[in-house]
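Quick setup: one chain, the form predicted on its own, written in C-alpha cells, and binding and motion questions come after.
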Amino acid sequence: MVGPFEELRVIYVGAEAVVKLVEWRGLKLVAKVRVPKPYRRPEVDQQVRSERTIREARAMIRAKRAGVPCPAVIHLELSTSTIYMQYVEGESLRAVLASGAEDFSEIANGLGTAMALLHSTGLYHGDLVPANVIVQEGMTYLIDFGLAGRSDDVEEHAIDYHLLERSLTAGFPLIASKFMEKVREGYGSVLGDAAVSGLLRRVEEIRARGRYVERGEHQV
C-alpha cells in the first residue's frame, strides 16, 4: 500500500497491542500494532511479534473464506508488526447488552452461526467474549483473532462456547441463559444437533474438572 496512514483515534490499548482507527486515501481502516517488549532481546522480540501477526492474519483470512463475518485483512506490515484490516462500524455486544436491549434473538443466533462456521474450518477464536463481537445493524462480526488457532479437537471449540457463556453469566446474568439458547440454535443450524450435543458434553467436562482457561485479558 502506497501513501501515509492518518491516525484518527486510538480504539484500544492492550498488553500486547494498540488498536487504532486510521484513514488511507479516504478509506477507514483498523490498524492493530503489536508493541515491542523491552524485556525481550530486540531480534527475538521482532520475531515473536512478526510470527503472531502472521498467525492472526492467517486465521482471519481462513475465517473470512469460510464465510465467518469478520474484518477483511487489507495489508500486513511486518516491519512494525501491524495488521491493517477492514473497519466494521458498530457497537460491541457488551455495549449493546449493557444498553438494555430486549430483542437480542437475531444477534445471538447470528453469533452462534458465526461460531459454527469458524469451528467448521477447524479454527477456534480463543477469546470469544462480548467485547470481541461487533454488532452492526443486527449483524454480528467476530473481531480480535490474536489468540485464534487451528484444532480439530472439540475441546478448543468448547472453550470458545464456555468463555462466551461464562462472560455473559458474569456480566448479564438475567439474560445469559436465553441468549445462549439462541446461540445454540444458530450453531445447530450450521453444524446440526449432534454437533451441539457434542459441544455441550465437552463443556460439561470442562466445568466438572474446573478448567478455566485464561487465554488473555478478557473483557466482558
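Residue positions are given as counts along the sequence shown, with the first one as 1. All values derive from a computational prediction rather than experimental measurement. Rigid core: the largest C-alpha set superposing within 1.5 Å between the two forms.
There is also a form predicted in complex with a small molecule; it is not shown, and the following applies to it.
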| item | value |
| --- | --- |
| Stretch in contact, per heavy atom within 4.5 angstroms of the small molecule in the predicted bound form, of 73-81, 109-117, 138-146, 96-104 | 138-146 |
| The small molecule: the contacting residue among 22, 196, 19, 206 in the predicted bound form [heavy atom, 4.5 Å] | 19 |
| In the predicted bound form, residue 200 touching the small molecule (heavy atom, 4.5 Å) | no |
| 4.5 Å heavy atom contact, residue 30 to the small molecule in the predicted bound form | yes |
| Non-hydrogen atom contact residue 86 with the small molecule in the predicted bound form at 4.5 angstroms | yes |
| 4.5 Å heavy atom contact, residue 134 and the small molecule in the predicted bound form | yes |
| Core-aligned C-alpha movement of residue 52 between this form and the one not shown, 2 Å or more | yes |
| Core-superposed comparison between this form and the one not shown, residue 198 Cα displacement 2 Å or beyond | no |
